[in-house]
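In the block that follows, a single chain appears as structure tokens, in the form predicted on its own.
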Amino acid sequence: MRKVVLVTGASSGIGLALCKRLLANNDELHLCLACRNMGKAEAVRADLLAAQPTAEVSIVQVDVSSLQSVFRAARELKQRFQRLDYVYLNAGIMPNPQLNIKALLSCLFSRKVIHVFSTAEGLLTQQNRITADGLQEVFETNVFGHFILFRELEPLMFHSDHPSQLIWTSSRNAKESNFSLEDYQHSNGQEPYSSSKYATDLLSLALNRKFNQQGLYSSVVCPGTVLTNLTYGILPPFIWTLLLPVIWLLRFFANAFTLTPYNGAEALVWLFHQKPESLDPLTKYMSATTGLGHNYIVPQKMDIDENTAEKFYQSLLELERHMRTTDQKSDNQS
């Protein structure tokens, strides 16, 4: 029986690199691409099948910033599959990232320069917006939409013969200082991306505490500093042209500069081959690359605690109940 792997955000960046690497190592998979843009998804599917003709690759349309889209995709997946073995919750956004010039100049002359460049800590702020569901866009896309998708797909992930894995793409930029239980959507801050990634770490821990005994295991990874369309949008192209030689040089001093999506997907591919019951739920698995381009994994203890994780999980359940009630009222009125 083919193992079924679902990947959100599979049409570009880390998600696309992950799909290529998984099929290159094992073409006996059924890989389901969960993408917002069906045109891109169809093109990616064609390319993957051209490289691995014996693989099975399907597509489901989902926009995790829309609960209606998530519910619709989940219904379709439950009709297609009897089980899911791996679910990679990889889709995410960092809208309109703005570089904090003052913080950049300050770090250039400090001992933390490599750390700041490899994590973007304190360098980037974002402008958030409200979605059609009335939620903060970064929170809904990076956290809540994926949470609802998982909640809908729970029945497909509990099976007695083999454990299932839930794998979240987090970040080194996930900072407790940017997260608050009282404002977990980060409505009042300027670093919603960092907040959302810390929320992801908390949620992963809570899910492990709740579901490990049922054979479901959750992990978080960091792909490192990867040059994608998202990062290229932070600075004008000519600035990147000037910075790239410096960035490649920095890789000899900091393993976080994975730079390419292929390298960034290292931890996600590594987790595919692990026994999930042997993994530490308090550890984030980081993709790392040497200056000469050798990829490896760095496990890092996360700065989170079970009490906060459980409270956040309960907050999400409460929000889920509220959103479902609101949706039902809207359907009844229409």
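All residue numbers are counted from 1 along the displayed sequence. Just so it is clear, the model here is predicted, and its values are computed rather than measured.
Beyond the structure shown, there is the form predicted together with a small molecule, which is absent from this document and is the topic of what follows.
(message) Using a 4.5 Å heavy atom cut-off, which residue among Gln190, Thr228, Asn212, Ser180 comes into contact with the small molecule in the model of the complex?
(response) That would be Thr228.
(request) Give a yes or no on whether every one of Gly145, Ser218 and Leu271 sits within 4.5 angstroms of the small molecule in the model of the complex by heavy atom. (result) So, no: the whole triplet misses the small molecule.
(message) I need the one stretch from 77 to 85, 170 to 178, 246 to 254, 150 to 158 whose residues put non-hydrogen atoms within 4.5 angstroms of the small molecule in the model of the complex.
(response) Going by heavy atoms within 4.5 Å, the stretch is 170 to 178.
(message) When the contact criterion is heavy atoms within 4.5 Å, does Ser315 count as touching the small molecule in the model of the complex?
(response) No - in the model of the complex, heavy atoms of Ser315 and the small molecule never come within 4.5 Å of each other.
(request) Please run the contact check for Ser65 against the small molecule in the model of the complex: heavy atoms, 4.5 angstroms, yes or no? (result) Within the cut-off, so yes.
(request) Please run the contact check for Leu202 against the small molecule in the model of the complex: heavy atoms, 4.5 angstroms, yes or no? (result) Output for Leu202 is no: heavy atoms all beyond 4.5 Å of the small molecule.
(message) Considering non-hydrogen atoms and a 4.5 Å limit, does the small molecule approach Leu135 in the model of the complex?
(response) Leu135: no contact with the small molecule in the model of the complex.
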